[in-house]
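First, one chain by itself: the form predicted on its own, in structure tokens.
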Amino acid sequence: MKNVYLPITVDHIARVEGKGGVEIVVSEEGVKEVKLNIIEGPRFFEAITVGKKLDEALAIYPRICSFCSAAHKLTAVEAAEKAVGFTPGEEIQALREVLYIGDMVESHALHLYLLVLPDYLGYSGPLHMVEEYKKEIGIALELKNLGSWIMEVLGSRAIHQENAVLGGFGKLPDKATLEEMKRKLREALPKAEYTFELFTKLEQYEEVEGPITHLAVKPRGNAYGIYGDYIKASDGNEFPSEEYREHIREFVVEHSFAKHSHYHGRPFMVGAISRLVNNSNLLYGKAKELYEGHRDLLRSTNPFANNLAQAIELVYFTERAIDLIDEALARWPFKARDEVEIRDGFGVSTTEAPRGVLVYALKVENGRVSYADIITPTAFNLAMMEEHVRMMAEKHYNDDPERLKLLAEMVVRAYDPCISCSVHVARL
């Protein structure tokens, strides 16, 4: 009589945004099946904005997620501006990128310290760490609060920002506030560097080592950044953002409300490590120095390197925001907003959200959205994430099930998934 193996399940992956689980089916021959069960209720943000006036739709898109609302807002605004044929001035682009960086700093700090670090220190959550690791929790909150404040200043509030609008901003902060922002960023830089040094000491599990294809936005200009008009792959290919559907295929899987994605028929990865793999030559300042000294740890073959990549980005984007503020101040004073003529058209924006490539495609007809397609980083990552959970399970399925559950969750957390963002459905 054959042994009967019950599935190893995690009903709710802890310390990720949204609700998802893991199911590992084992037989005498080994691991038969691994599923990432994304059970967050499907939402219909594309569908409900079709037919809406363009400015109304742009107010809805950041509601997709509070964690990365600035990313959604700014990507949607750029897609809309491309659709109607408008390009904002360089000073507006600089301040928009600072707003986006606020999202990046807040998100990376929360992920690294409050979601990832407890696993390595043997805690079930960050609240249990407070007494012994006051310094680390303090740094996490200081960086998080800085990112939130930047979004509040430039976006009008810390979540679901309204101040980024067609043509620019609803209003601009005064010069003294931007100088204060620079001061706070400079004060945060040593804390970002401490974060990087801390994460160089944490294990990257060799069980999930293997080739990974990485996709990232090719930044505009000569600096590692967030905005770009091409998508670049680690296989040497690059293509215009408008051609994303020719290279990336989304498809439905039975066990998930979120679609999976393939690049040229295979799973792929996006995120901080993918940005470094494709664009590390554009780093500068302290971040470049840290990268050059720790290349061996920033491995393209291991998803756990994404944690360290986020840490180096905390350093980089802190420095980058200071430089962007200086760019804006060099053109001071300037108009908050230019008038935008709403014309018919189609626009695609690809940006780098904290978790990776974010795509917005919008068609505008008669001042209203007639087509919307949104693909989020987690929807891009899910197929690759599932592969890495399988690799971990194949090495540990004979171990204590609780140990395997923890390792499977750690793989998922390394990707920093935003599950709520991933469960969009285009048709009702």
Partner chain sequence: MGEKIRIGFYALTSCYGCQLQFAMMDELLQLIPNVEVKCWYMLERDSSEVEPVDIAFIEGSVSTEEEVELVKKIRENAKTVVAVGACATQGGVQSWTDKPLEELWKTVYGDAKVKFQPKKAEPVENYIKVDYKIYGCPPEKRDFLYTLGTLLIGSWPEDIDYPVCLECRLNGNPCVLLEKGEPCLGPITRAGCDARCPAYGIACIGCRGAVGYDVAWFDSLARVFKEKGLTKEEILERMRMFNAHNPKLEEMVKRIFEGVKE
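It should be emphasised that the depicted structure is a prediction, and the values quoted were computed from it without experimental measurement. Numbering follows the first chain given and starts at 1.
Keep in mind that the form predicted in complex with the partner chain is missing from the display, and what follows is about it.
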| request: Please name which of the stretches 221-229, 168-176, 302-310, 262-270 has residues with heavy atoms lying within 4.5 Å of the partner chain in the predicted complex. | output: 168-176
| field | The single option of 158, 198, 248, 283 touching the partner chain in the predicted complex, heavy atom within 4.5 Å | value | 158
| request: Work out which of 278, 163, 204, 213 lies within 4.5 Å of the partner chain in the predicted complex, going by heavy atoms. | output: 163
| request: Verify the flagged residues 45, 152 and 257 against the partner chain in the predicted complex: is each one within 4.5 Å by a non-hydrogen atom? | output: yes
| query | At the 4.5 Å heavy atom threshold, is residue 106 in contact with the partner chain in the predicted complex? | reply | yes
| query | Might residue 241 be said to contact the partner chain in the predicted complex, defining contact as any heavy atom within 4.5 Å? | reply | no
| query | Can residue 66 be called a contact residue for the partner chain in the predicted complex at 4.5 Å between heavy atoms? | reply | yes
| message | in the predicted complex, is there a heavy atom of the partner chain that lies within 4.5 Å of any heavy atom of residue 234, even though the partner is absent here? | response | no
| message | Just to make sure I understand: among 406-420, which residues lie within 4.5 Å of the partner chain in the predicted complex, judging by heavy atoms? | response | 406, 409, 413, 420
